[in-house]
Ligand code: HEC
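Just the one chain here, laid out as structure tokens, in the form predicted on its own.
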Amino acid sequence: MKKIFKITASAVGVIIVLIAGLVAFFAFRGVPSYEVEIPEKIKTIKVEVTPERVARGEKIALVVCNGCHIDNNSRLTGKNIVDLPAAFGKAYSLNITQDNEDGIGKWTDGELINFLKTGIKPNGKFSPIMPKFPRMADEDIQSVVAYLHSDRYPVQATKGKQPAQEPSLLLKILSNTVMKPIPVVTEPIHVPDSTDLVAFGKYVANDMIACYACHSKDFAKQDPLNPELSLGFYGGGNPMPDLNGKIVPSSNLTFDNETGIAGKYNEAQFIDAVKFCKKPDGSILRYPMGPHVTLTDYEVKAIYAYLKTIPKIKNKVN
């Protein structure tokens, strides 16, 4: 019996040492960098800046970029992400103005598109907490690039380099294990026919503005290439801090009769909630939910139609 106990104790000791060594390695390595391998098809893209693309890109950027990157002067110079979950450490968003030194003025169109799809910067550094858009339609992602190259006020060259990131040990571990760059999708991606309301709503919700990212269960257990495989897909409960550090779990957007939005939001009320943060009783939805005023009523209507088709999840969110 004593021999078995000694063997067991030795095995446990070895496991503890191995785990401690692995944790120490992740802590020392930090968030990894990667070799930049941009597919030739993307690397050679030269985006034509047209008024139509700038307008479309601005519309998308106002929903998916400005919240994290805009400063007090309405320029996209980046800032401290104060509502980042504390478990991830401290993070600062990138200066994405046209400044050549502090911003992205020297980035090529291919490098920008690759970054938006994979999270890898031209220098190989990985941004684990930045949303990625691997399935955004080719025309839409080029429109975002056109906007970043445009004469619009927020993107004009502006000095301002953010401090170095301060990832927590947890984020270092996650970025070395499960939060990794996304493989580049090179086949053509098109915006679905808008007359197919469900398909169009699926695209807007999942691929264009990534609603599922906040409204699923856990940021670390999501699959941007296959959003439906994300843990708790649209079932809510993802713990998200407000600007004061108070946790506000995301809402369950499935059509579960008891805990979802079935019977609580009709189509018109859902449009008001998404576009203006207005609840059916007239009160305002809490931050971090923000208004999505650049979305059209039809786009939000399509999202509502799509949400009706996804599996219901029983998850009561306070």
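Quick note: we count residues from 1 along the sequence shown, nothing fancier. Predicted model only: the values in this text are computed from it and were never measured.
The form predicted in complex with ligand HEC exists for this protein as well; it is not shown, and the discussion that follows is about that form.
Every member of the trio Cys65, Ser251 and Lys279 reaches ligand HEC in the predicted bound form with some non-hydrogen atom inside 4.5 Å. Only one segment in the set 225 to 233, 185 to 193, 149 to 157, 242 to 250 has residues whose heavy atoms sit within 4.5 Å of ligand HEC in the predicted bound form; it is 242 to 250. Interface membership of Lys202, defined by any non-hydrogen atom within 4.5 Å of ligand HEC in the predicted bound form, is ruled out. Remark: His215 counts among the residues lining ligand HEC in the predicted bound form, judged by a heavy atom distance of 4.5 Å or less.
Put simply, Phe133 is close to ligand HEC in the predicted bound form: some heavy atom of it is within 4.5 Å. When ligand HEC is considered in the predicted bound form, Lys264 lines it closely, a heavy atom lying within 4.5 Å. Contact with ligand HEC in the predicted bound form, defined as a heavy atom within 4.5 Å, holds for exactly one of Val198, Ile173, Ala220, Cys211, namely Cys211. With contact defined as any non-hydrogen atom lying within 4.5 angstroms of ligand HEC in the predicted bound form, the contacting residues in 103 to 117 are Ile104, Trp107, Leu112, Phe115, Leu116, given in sequence order.
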